[in-house]
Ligand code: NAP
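Just the one chain here, the form predicted on its own, laid out as structure tokens.
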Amino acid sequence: MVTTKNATLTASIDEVMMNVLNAFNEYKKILPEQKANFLETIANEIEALGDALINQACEETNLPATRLTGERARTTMQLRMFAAMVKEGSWVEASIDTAIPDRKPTPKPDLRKMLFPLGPVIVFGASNFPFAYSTAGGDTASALAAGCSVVVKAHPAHAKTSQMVYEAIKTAIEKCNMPANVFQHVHDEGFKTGKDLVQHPATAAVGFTGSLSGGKALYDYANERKNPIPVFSEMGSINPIIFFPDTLEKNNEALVKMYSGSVTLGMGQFCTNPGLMLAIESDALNIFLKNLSEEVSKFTPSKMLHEGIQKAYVEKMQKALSQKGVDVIKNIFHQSNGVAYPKIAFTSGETFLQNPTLHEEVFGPYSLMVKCKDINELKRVWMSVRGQLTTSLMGTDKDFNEYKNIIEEAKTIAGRIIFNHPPTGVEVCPSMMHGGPYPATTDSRFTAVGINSVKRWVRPVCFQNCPEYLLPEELKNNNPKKIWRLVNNHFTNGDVA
């Protein structure tokens, strides 16, 4: 662990990075069973911290113990999920095309390919998830599973919590006899630390969850290098919701309950918060907005994660509400006493299309309804905010059949298309896609959640006519690991016939 105050910053970061690079060169050779045991041991050690860890996180983040207990369970579950993936083995995507020496007009060579770890990964802890997206969160778990070493830059909003998790990982390193520096921990609030970590020659990739400005800065730093590296930044989303006409007529009350809960869940401090709602003007829409505002008014407000987030929320919300043509059904709350309050605003489709300020994320319990004149205007509004983590479609079968052509466009807007459910809540499983077109993320081809997130930290390497004894175990003819492989266009488990 390194704590820097800029005076010795460059020397300290250089030492960290050389240590983690040397550790990578050892760790990448460790057997899958040992890596899996390491990940499971980290999970065990985090759980062994008990209530002390939860209490520390409560103190630093203003989050309730119930939320944090669930998030810790998600974090340890992720670690064990990646452990199971590593043991099973097929994630390396081993592929074998055996030689055909007598093929005409030219012989076919023996070609074998699989995924290999990139190298040291820099992970930036997220402010809104002190466990699941921070020190031992999904980025760290997937990178370690891939065979990469990791440096975490602790988020200053929950530095003590991060330190406790780091100590648990250190214990796991010792118990599992892993390379001592396979995981490094850096504390520093300065932007220069992040830049130095990203631009160090030993850094192979970067994982980040946070703001657009922060993620874009890291991406730019990486591309300024002599040898650019991949940066996987998740940078937020306004997650547009479409309410089709028939469902507003038939399911108004249920929709109000659903979305009042989604907007205010966790004080709106999720990257999947429903920040934008779209519908065609109607009496049913006016009833929905009135009842939604009344339902939200029953919400008990509280402090946000830290003063910086709360200040940004108030400023961005007030900026949005000050725009010409934006209004609220009623002024539910006034900001005061260091507590954040929810707001439901509305505007016209024409106003939204003409004002880019309204397209910006307001991170917190805020949502803007755009009242569109017709389905064509709604489509233009929807398409104007492409580059989202999610988009939700609320409708009946009648709606979905009538607007089938509109729905087809959803794939260009977001990484996850949700039917009749709010966007809040991200299931951790292989089929989850948590990513999307820029500016939701810097690379829409990858997910930050689920076992497929490991693919961010690996690259394919092909061996042509390689002697058997030099091949990785996964690519040998007599494969002792019995993993599923693609052999001559057929999947096989075990030896090559």
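Heads up: residue numbers just count along the shown sequence, starting at 1. Quick caveat: nothing in here was measured; it's all calculated off a predicted structure.
Not pictured, yet referred to below: the form predicted together with this ligand.
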Can you pick the one in 188, 399, 377, 71 that has a heavy atom within 4.5 Å of this ligand in the predicted complex? 188
Which one of 287, 217, 258, 353 is close to this ligand in the predicted complex, taking close to mean a heavy atom within 4.5 Å? 217
With the partner removed from view, which of 403 to 411, 125 to 133, 244 to 252, 144 to 152 is the stretch that lies within 4.5 Å of this ligand in the predicted complex, judged by heavy atom distances? 125 to 133
Residue-level question: is residue 235 within 4.5 Å of this ligand in the predicted complex, judged on heavy atoms? yes
Answer yes if any heavy atom of residue 210 is within 4.5 Å of a heavy atom of this ligand in the predicted complex; otherwise answer no. yes
Test of understanding: in the predicted complex, would residue 306 fall inside 4.5 Å of this ligand by heavy atoms? yes
Looking in the predicted complex, any heavy atom of residue 91 within 4.5 Å of this ligand? no
Sequence order please: the residues of 359 to 386 with a heavy atom within 4.5 Å of this ligand in the predicted complex. 361, 363
